[in-house]
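Next comes just one chain, in structure tokens: the form predicted alone.
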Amino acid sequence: MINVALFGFGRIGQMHGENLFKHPKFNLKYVYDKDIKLAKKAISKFKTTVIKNYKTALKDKEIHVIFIASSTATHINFIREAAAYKKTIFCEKPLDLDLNKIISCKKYIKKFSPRIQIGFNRRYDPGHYFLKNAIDKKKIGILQKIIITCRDPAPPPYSYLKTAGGIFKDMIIHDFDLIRFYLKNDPISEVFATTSDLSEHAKLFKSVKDFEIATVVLKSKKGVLCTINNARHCTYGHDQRVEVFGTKGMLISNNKRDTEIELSNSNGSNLKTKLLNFFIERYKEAYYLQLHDLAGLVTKKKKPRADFNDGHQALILAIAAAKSLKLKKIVKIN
């Protein structure tokens, strides 16, 4: 059994806690959160131990994994300490909002040769991963275009937005990573980004110097064109689709619904149920499947689909997009 210490028990931490509790290869031994009252919710739910000092988990030789689901600002410090204690590390995205902190951390932890998995869960979505395999096997010939649509059902609250780092680092970073995943050894060479605010939520985003909708166009070294369409609001649900287009055809990883049943009657034909309305529901399977990779990382030292470098490279693209928006021109990636 793989013993885990979960750091952070907010919304995403509670979801991870439930998956770890249900997974046959993991034992959720400790839960740590600065808010002790919040952390104590895990005791009855997961039959775990709540610790007041996170170092308790680091010093415990029986703990194999430090699972970081705390606020972004804490990620780098937890990674540095967990690496020094020779723990396997799982860290939610993004690694940090500051590229220099990531570079500094990368240099520091190198001497420990840490095993680190980053929580880019979309790599584990069965549909999105099917596209990856199809691209690699040339099922659609030479890859020419990647189009990603990502629209959240409603904007996050002000309390979240003011510290999240903006739409590129917080939301679109998933899409930057997925594009890199599909392109494999073909790096992004150019980035252009544009944004707008056109709904009743415009004041909210302006108050935190963020944006409600964005489009990012990227070009790879080989010439693959990539388009990311994002929105912080979507009246019809959590709209998450990926299209890959090549010389021999196209593949789409589509949205998910409560049921795939279609109704035809006097009101219309092929009427479908609404899209799933929350990212945890949309990627429920992906969040669970990434734990299989984590288990392999611990027991077999098997490289995960997303590692520290993937977190680093995704942030580079996010920063380039923000720079492009500011300069109103294409930004070259070295």
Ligand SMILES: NC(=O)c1ccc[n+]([C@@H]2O[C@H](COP(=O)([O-])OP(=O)(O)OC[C@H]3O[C@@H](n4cnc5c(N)ncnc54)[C@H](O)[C@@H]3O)[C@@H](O)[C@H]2O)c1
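Model, not experiment: these values are computed from the prediction. All residue numbers refer to positions in the sequence shown, first residue = 1.
The same protein has a further form, the form predicted in complex with the ligand, not shown here; the description that follows concerns it.
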{"query": "All of Gly166, Asp210 and Leu317 within 4.5 Å of the ligand in the predicted bound form, heavy atom check", "finding": "no"}
{"query": "Selected contact from Lys256, His128, Arg115, Lys93, since only one has a non-hydrogen atom within 4.5 angstroms of the ligand in the predicted bound form", "finding": "Lys93"}
{"query": "Listed residue that, although the ligand is not shown, lies within 4.5 Å of it in the predicted bound form (heavy atoms), from Tyr287, Tyr30, Phe26, Phe46", "finding": "Tyr287"}
{"query": "Residue contact check: Phe78 to the ligand in the predicted bound form, 4.5 Å heavy atom", "finding": "yes"}
{"query": "Contact test in the predicted bound form: Lys40 vs the ligand, heavy atoms, 4.5 Å", "finding": "no"}
{"query": "4.5 Å heavy atom contact, Asp170 to the ligand in the predicted bound form", "finding": "yes"}
{"query": "The ligand contact at Tyr160 in the predicted bound form, heavy atom, 4.5 Å", "finding": "yes"}
{"query": "Interface stretch in the predicted bound form with the ligand - options 115 to 123, 177 to 185, 210 to 218, 140 to 148, non-hydrogen atom within 4.5 Å", "finding": "115 to 123"}
{"query": "Stretch 298 to 334: residues contacting the ligand in the predicted bound form, 4.5 Å heavy atom cut-off", "finding": "none"}
